[in-house]
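Starting off, we have a lone chain in the form predicted alone, written out as structure tokens.
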Amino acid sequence: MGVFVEQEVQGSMAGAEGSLELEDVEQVLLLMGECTDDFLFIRDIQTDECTITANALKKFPFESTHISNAGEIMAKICHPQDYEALVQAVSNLVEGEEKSHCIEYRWMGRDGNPYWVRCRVKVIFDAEGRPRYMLGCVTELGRKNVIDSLTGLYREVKLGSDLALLHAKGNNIAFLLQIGIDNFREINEKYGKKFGDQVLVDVCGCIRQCVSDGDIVYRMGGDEMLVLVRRMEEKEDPARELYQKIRRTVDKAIFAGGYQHFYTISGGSAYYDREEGENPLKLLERTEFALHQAKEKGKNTYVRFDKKEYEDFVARLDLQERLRQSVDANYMGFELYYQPIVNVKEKRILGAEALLRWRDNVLGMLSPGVFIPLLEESGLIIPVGRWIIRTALMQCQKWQEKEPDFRININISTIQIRKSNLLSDIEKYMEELNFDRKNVMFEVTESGELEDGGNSAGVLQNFQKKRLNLGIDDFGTGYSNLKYIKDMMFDLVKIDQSFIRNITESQYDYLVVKQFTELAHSLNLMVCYEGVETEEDLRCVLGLNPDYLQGFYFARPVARDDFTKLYLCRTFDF
């Protein structure tokens, strides 16, 4: 439509007197404005009068379709940061240096918010060849889903089409670099969304300063931006250099602002593999993974896509899905193994630690060190943890038919403590089974993760209020050991096997275990040594007066039936 009007005006005004008067052109524009979302205008360069279609008045502060002082009005409507560039672009048309232009800048709306527009202008010359009219079409880019209205960057939808087009043409793409603002959610929560928006605008401005002509910058949504670089450079890792350049520019901007607010950025990149003839659409997925890795590695850093790490990541996702399927199939493949715990005073096996095992129907038996972290990451440890508690309590009751004093130790995850109603679940199963609470010990691994502002500590302290036995597993490997004993009132301390393993050879380990044991006993806590593997270990640790022993010297973890057959009611002579 804009082309049609331009042709009519060009034809009618090229001579001294055209058959179509300016008033007629204005009427055509106003009518066409009712048929399009774009804003059409014609501006008289000599008189500075302008006519703009009525649809522009709804969102932008034009008083009427006829403007008598266009330059003055545009100074108010144009965003202050873009005004200088607009003046220069218009001047080039007025001076005859250019016959047309297509620029993108911001108009201020009636609501006070900026909106990105693309303005395409064609100059109409008079009979003497002098610029007389500017005929234009203004597109609100946000409505076209092409430009992000806040930052002025292209939207992700354009990236997909750009990559597809480049691949179809056989272009060689160098790399994608994705930038993310670290802890952006916290920035919004602490300082407000308006400040967060300004941080986004500032970072985008820094990226624009650092990219070269021909590079395209996109906003990917949220706090992430992406640069498409379509050139080759003789550098080892040009994406890293670009990230570092952007980060330095961001740091300078923060410094210029007097460090009133400080934030960092992370970056991830992926390079096009020309030898494999790879579809560049895969680059986006790989770049997102690289950025995720950068965030995982502490933020404020850069990561280049690594194929091996990605394959491991995909394998972990696949394994996590297999775990989910097992949970959904009534815990198919999950099983509890039991490792005997020896009561030193009684010289007999009076308890066992329940240990989770999992056998996949394709991959077979997997190490707990592989699948348990995945259960915790996915939150599946919560339903699986409930299954463990109920299954272990039921098995303990069966063994108590032959060994009335038999006890069971059950491990609980910090995820269960923080993200589930653990105590409620335990109470429910104990009431359901009529289980005597003195015959179960819940073990929690000593870890800095417990120090999460008091929530986990509060849950654990409630174990004592509920008269539930609680033990510290792997004691000596984590943080704040004495604080846990003092504040949480544990009943049992399990000395980590790393101390027992070298106790016959290391005087230091021997003294550490001795002091831990004496301290625990002075606080009326029981002590269990893990990792007793040889007869020499046994002779050494017996002199330190532990309450319980556990290790391969006595037995490895075994399945339920094997435990019943081999270890239930078994005694020792030591």
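Only a predicted model underlies this, so the values are computations on that prediction, with no experimental measurement involved. One rule holds for the numbers: they count along the sequence shown, beginning at 1.
Just so you know, the form predicted in complex with a small molecule exists too; it's not on screen, but the next bit is about it.
- If you check the small molecule in the predicted complex, you find a heavy atom from every one of Ile372, Ile388 and Asn411 within 4.5 Å.
- Checked against the small molecule in the predicted complex, the residues Ser149, Asn300, Gln497, Ser326 give one hit for a heavy atom within 4.5 Å, which is Gln497.
- Of the listed positions (Ser420, Asn439, Thr445, Gln293), a single one reaches within 4.5 angstroms of the small molecule by any non-hydrogen atom in the predicted complex, namely Thr445.
- Proximity of Gly129 to the small molecule in the predicted complex: non-hydrogen atoms within 4.5 Å are absent; the residue sits far from the partner.
- For the chain shown alone, Asp38 is not a contact residue for the small molecule in the predicted complex, no non-hydrogen atom being within 4.5 angstroms.
- Contact check for Ser266: no non-hydrogen atom falls within 4.5 Å of the small molecule in the predicted complex.
- Put simply, Gly531 is close to the small molecule in the predicted complex: some heavy atom of it is within 4.5 Å.
- Proximity to the small molecule in the predicted complex, taken as heavy atoms within 4.5 Å, picks out 352 to 360 from the listed stretches 352 to 360, 208 to 216, 425 to 433, 188 to 196.
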